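Shown here is one chain on its own, the form predicted on its own, set out as structure tokens.
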Amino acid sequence: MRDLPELTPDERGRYEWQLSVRDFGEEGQRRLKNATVLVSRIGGVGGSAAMQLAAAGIGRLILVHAGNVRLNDLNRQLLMTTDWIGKPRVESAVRRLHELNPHVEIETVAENVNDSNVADLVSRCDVVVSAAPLFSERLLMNREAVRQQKPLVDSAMYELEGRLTTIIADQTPCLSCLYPEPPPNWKREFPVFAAVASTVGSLAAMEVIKLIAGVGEPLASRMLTFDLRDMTFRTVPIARQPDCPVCGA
């Protein structure tokens, strides 16, 4: 790992309440400051993850999302604002995140993850947060993260349900073990409340913090699922598939 940067007096004051978290402390904070996290995309789930990571003091974010803010984004995409409708999403995200924490370095990519950019994007981060609405993008990120041996937190939701797992190359099942092919007839637009998306995004951010700072146990070889209709949460084991084309033997 790179030499850990020191905390400034302002950073010590800003993160004072989390520096006392058991097994985290100043070293954990310095590890966050030293880390780069790639988030694709920054809608309801990914945007909430980015916001929580910025608040926690992550050193650098790479935010990947194409297109401009639309009116129907505003029920869930908390990094977008009404006055930014018609302007690039990534610019709204930078503005909002720097209002929250000016110490975070932010790189934006105003396009979606694709075959031509995925290898470069993953190579420039320490952890990947996958929150794209399309399975094709998720599977692409999964393949590249496993190939480059970068941890990936896959976070998803539908209606009032959410799910989350952490993929660690050579240790856990990957997303292709669970979904060898994109589910048929899946559409990028689906029922969503901001409260559900924000719940998943916050949980994803916590997984990233745990991975970087070495706190607690990540969701390795486990999937967290929840249904907010009746507030049921459960963690289920998931198995690696020997014939998986991405992580199998």
Partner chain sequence: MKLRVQYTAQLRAVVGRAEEVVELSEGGNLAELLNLLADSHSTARPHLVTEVGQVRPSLLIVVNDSAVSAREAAKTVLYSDDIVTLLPPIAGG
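Small disclaimer: the values here were computed from a predicted structure and weren't measured. Residue numbers count along the first chain shown, from 1.
Below, we refer to the form predicted in complex with its partner chain, which is not included among the displayed structures.
- Figure note: of the listed segments 113-121, 157-165, 86-94, 142-150, the one touching its partner chain in the model of the complex, with heavy atoms no more than 4.5 Å away, is 157-165.
- Comment: its partner chain is not present in this chain, but in the model of the complex one of L178, L74, V104, V109 has a heavy atom within 4.5 Å of it, namely L178.
- The single contact residue among C174, V127, A132, M80, judged by any heavy atom lying within 4.5 Å of its partner chain in the model of the complex, is A132.
- The shortest heavy atom separation between D227 and its partner chain in the model of the complex is within 4.5 Å.
- Shown alone here, V45 lies within 4.5 Å of its partner chain in the model of the complex, counting heavy atoms only.
- Among heavy atoms of R234, some come within 4.5 Å of its partner chain in the model of the complex.
- Looking at Q18, you'd find every heavy atom of it more than 4.5 angstroms from its partner chain in the model of the complex.
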